[in-house]
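Given next, in structure tokens, is a single chain: the form predicted on its own.
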């Protein structure tokens, strides 16, 4: 590679790791994401840093975990002193461009990137039907007029399949018959229910308060609106989800077709990922916000349509744990930008792995959720736990603090990929739990967990924390 490559980061919103036809899913057709796989390496142990939009996107922007960025949930606010990838690249010889969804509250995209299309009003959570096509057109215009005099970084944030959330919102205030009753589709056309449709009732208190209770902290209106769903309703949700993915796959195809005609295609590295997954009925859950595989495990592909940038092609990497915090160091590695240690970045460049090099790598994935939730994923086990709210609240994201850990779940992912059998309370797994807990505390000891000062996230933490306190007190009394 004689010169610094162009870098294209294509991201979708809410696409689970296995919602790709090249990965063996027979209920979906994604020829263009499949094309990226044929031209690159798919990392099959890829995890988001936090399973919700703004949080994980703050990690994409900074290379930091969400307890460090100030955005531990959608209502967070990015710490002003943290540099983002646009600022880093623009200061180091690249032109950094953005198109489509950004959703990093507290950071003005127009001050960090050259924006191709971001709407007169900032692009929000929904509207992929409109915004994704507009974003594609803006990128096509950019690619066909780019003069090639300086390397570019371009990130394009597609909204779909996030519009599956809008489908769910339709059920908040009205009873919608199942699709067969409506005459929309035949049962044979519907994907089956997931094997883990039923869920572990000994989940963390955080999960129960946020997602299970009638007055759940997150999307209680949807939850109560779908409580009487039958099996066909759930299967139709999955069917719709796959159609939203196929819509965005078509947009990606237009983009790749144009790029392939450009003289700089050979010198352009492509990174593809999604911010988080979608439960789609797994554990009788919808959307994200949980630490189950369907929500936290996402596709991650490094590809090149030509041969100018070395990357192993048509290859699955099933060995290395990838995190959303790895995006910034990977981009900077390809851009020839070093000395990231001063920024406190916790991620590692994936470039050597994409090129097939065997290098020392992390032994587990670490994921945060809903401010207090945590997960460690190892070669065999997944450990899910939570922190109890501080009293009084100091607004510093919790950890490492073994004394404040609450309930735990433990799953053997090699024998129970669907996470149906919680082993945490079974005898014989004490050493496994101790090891996972030690990894959790060691990881958190490395983080710079800045105190949250903005009033909006502080209000959320106080409100949610009060509910959690009440729940814990009730459990203690019983």
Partner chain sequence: MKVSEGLHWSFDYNYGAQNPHFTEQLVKTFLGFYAEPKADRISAGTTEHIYDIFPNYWRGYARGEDRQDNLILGQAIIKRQGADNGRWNYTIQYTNGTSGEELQLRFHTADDLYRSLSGKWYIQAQNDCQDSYSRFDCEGQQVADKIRLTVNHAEITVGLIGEDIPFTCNWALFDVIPALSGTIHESGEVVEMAILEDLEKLRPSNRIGFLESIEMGETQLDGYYLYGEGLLPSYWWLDTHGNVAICANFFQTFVLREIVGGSA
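Since the structure is predicted, the reported quantities are computational estimates derived from the model, not experimental observations. Numbering follows the first chain given and starts at 1.
The same protein also exists as the form predicted together with the partner chain; that form is not shown, yet it is the one meant from here on.
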| query | Does residue 313 reach the partner chain in the predicted bound form if we count a contact as any heavy atom within 4.5 Å? | reply | no
| field | Residue contact check: residue 286 to the partner chain in the predicted bound form, 4.5 Å heavy atom | value | no
| query | Just to confirm, residue 134 within 4.5 Å of the partner chain in the predicted bound form by heavy atoms? | reply | yes
| said: in the predicted bound form, does residue 344 come within 4.5 Å of the partner chain, counting heavy atoms only? | reply: no
| Heavy atom contact within 4.5 Å of the partner chain in the predicted bound form, the stretch among 300-308, 69-77, 114-122, 270-278 | 114-122
| One residue of 338, 93, 183, 263 in contact with the partner chain, assessed in the predicted bound form (non-hydrogen atom, 4.5 angstroms) | 183
| query | Since exactly one of 404, 362, 247, 233 fits, which has a heavy atom within 4.5 Å of the partner chain in the predicted bound form? | reply | 247
| request: Look at the candidate spot formed by 317, 420 and 446 and say whether the partner chain comes within 4.5 Å of a heavy atom in all three of them in the predicted bound form. | output: no
| Within 168-192, which residues come within 4.5 Å of the partner chain in the predicted bound form, counting heavy atoms only? | 169, 170, 172, 173, 174, 175, 176, 177, 179, 182, 183, 184, 185, 189
